[in-house]
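First, one chain by itself: the form predicted alone, in structure tokens.
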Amino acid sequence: MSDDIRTLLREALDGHDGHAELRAVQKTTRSISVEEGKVEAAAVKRKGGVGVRVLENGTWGFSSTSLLEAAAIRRALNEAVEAARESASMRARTVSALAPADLAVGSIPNPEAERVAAIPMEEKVALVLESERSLRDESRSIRSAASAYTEIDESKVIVTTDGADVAFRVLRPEFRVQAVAEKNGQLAVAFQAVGVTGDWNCLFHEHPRSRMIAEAGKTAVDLLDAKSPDGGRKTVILAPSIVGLLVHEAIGHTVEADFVQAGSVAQGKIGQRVASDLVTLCDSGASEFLMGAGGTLPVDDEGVVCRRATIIRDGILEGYLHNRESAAKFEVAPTGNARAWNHSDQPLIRMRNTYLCPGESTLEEMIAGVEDGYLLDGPRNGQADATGEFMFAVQTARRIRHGRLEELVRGATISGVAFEVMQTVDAISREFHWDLGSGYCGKGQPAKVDAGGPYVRCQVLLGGLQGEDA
């Protein structure tokens, strides 16, 4: 978005008495899906406008407009003020202060977004069609295949009465393939997905498209002959994809400061041991260790420069994720975690890129140290709650016996309480991957996030059969 929009927002705020935030958003979403050799959808959607938030009488008021016009923005500003004044007397809690923050100023260029946006839609459709066709050709056992590509191209301008004045752009492409294999009436499904913040080179740098197609096809076929795992408490090695899901769903949400104030399991635990001393957990607006993390963000939706937030350091709970309001209540610096999906959404405390820091072991050493256990990879679905209790399904699990990888098993689930599981961690690999960039986090509104880390050896409750394999 141009500097003209910054000027427009500054002028709309001129003379306003009190704290106000204006956030102009222009978002273009391009999506393509292919199944059975046919393009099922090819769409371009555009949405934009200005979100207006004010702090009046200790109360937030919000309004929005889809018009990038001075009169419409001022009208929305007045509506937000009126909403705050009318609701102030009915609020159980008021906002006494906002924490001082490092507020962003200037325009942040993004040449990567320009490069991807310039690629014709026809070329993107061709890539998805060819991917689906290649996946079907991987094996005669593959009965159906699907491929999809999505990109979210988002430009924002944020101007506040206390000094934020910034324009930036992020582009997030995603690619996925799915194979369904069949044998004697039995079906097995496998998928591969990747999502990044960056261009196509970044998208396929860590996950080459040909390898994703081959792995999806092979996994679906191999799962047809896989049996169920033994159930019970097991030593497992979690791949970065499972680590990412665990730290996001079962830990990350519990340390979002609004959930903490509502009574999450992390409440009151600052300074307490919640994990093995091998565990350091962070959330960052930057893409740490490797490029392209899907939740990368230079500035949050309050205009605060995003910084790394250390949640757990050497097993000790060190901090929470904050916006300016919660940071003032906890008397800490804001972490840059206020995020809104559209201009018509209010900013909420959300994660960005959440990760476990690498350790000192190799994966080979970790496997060699397991007498009887499993290597788990590929999150499928699951749930977690404010207590940190979780249950996740796993796409692939390989048995480990006497320090060696053996047969593939299917239908595995893992469960436990996240902080208890983290206290059983006895080895962490040097290898690190981002692995959840193709997903969306839900908290009343979507958010693009990422999560990952190294391989982690720990104890979990593994779902499966008690006794002999089926």
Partner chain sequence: MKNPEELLRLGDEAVEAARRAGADEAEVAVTFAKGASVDFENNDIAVAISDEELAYGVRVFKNGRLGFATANDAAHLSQTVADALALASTSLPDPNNGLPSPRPVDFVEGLDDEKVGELTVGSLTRHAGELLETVRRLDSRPSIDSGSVGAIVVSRAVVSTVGVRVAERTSRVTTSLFGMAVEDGRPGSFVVQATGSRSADHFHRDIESCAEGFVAKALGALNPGKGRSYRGVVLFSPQAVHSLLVSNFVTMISSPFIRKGRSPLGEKLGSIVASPLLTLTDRPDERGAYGASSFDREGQPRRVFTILDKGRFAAIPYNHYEARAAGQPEGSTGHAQGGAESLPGVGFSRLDLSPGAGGFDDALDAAGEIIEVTRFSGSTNAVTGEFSGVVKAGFLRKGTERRPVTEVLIAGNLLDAYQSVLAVSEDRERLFGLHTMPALLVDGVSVTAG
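Positions refer to the first chain, counted from 1. Only a predicted model underlies this, so the values are computations on that prediction, with no experimental measurement involved.
Separately, the form predicted in complex with its partner chain exists; it is not shown, and the next lines address it.
Among residues of the shown chain, S210 is not one whose heavy atoms approach its partner chain to within 4.5 Å in the predicted bound form. Contact between S107 and its partner chain in the predicted bound form is not found at the 4.5 Å heavy atom cutoff. Taking non-hydrogen atoms only, E406 never approaches its partner chain to within 4.5 angstroms in the predicted bound form.
Interface membership of A83, defined by any non-hydrogen atom within 4.5 Å of its partner chain in the predicted bound form, is confirmed. Contact with its partner chain in the predicted bound form, judged by any heavy atom within 4.5 Å, is made by just one of T161, S241, Q178, S361: Q178. Proximity to its partner chain in the predicted bound form, taken as a non-hydrogen atom within 4.5 angstroms, holds for one residue of M121, A368, A117, V332, which is M121. Heavy atoms within 4.5 Å of its partner chain in the predicted bound form are found in one stretch of 368-376, 275-283, 387-395, 167-175, which is 387-395.
For a residue to qualify, one of its non-hydrogen atoms must sit within 4.5 Å of its partner chain in the predicted bound form; none of S139, N184 and S429 qualifies. Applying a 4.5 Å heavy atom cutoff to its partner chain in the predicted bound form picks out D258, F259, Q261, A262, G263, S264, V265 from 236-272, in order along the sequence.
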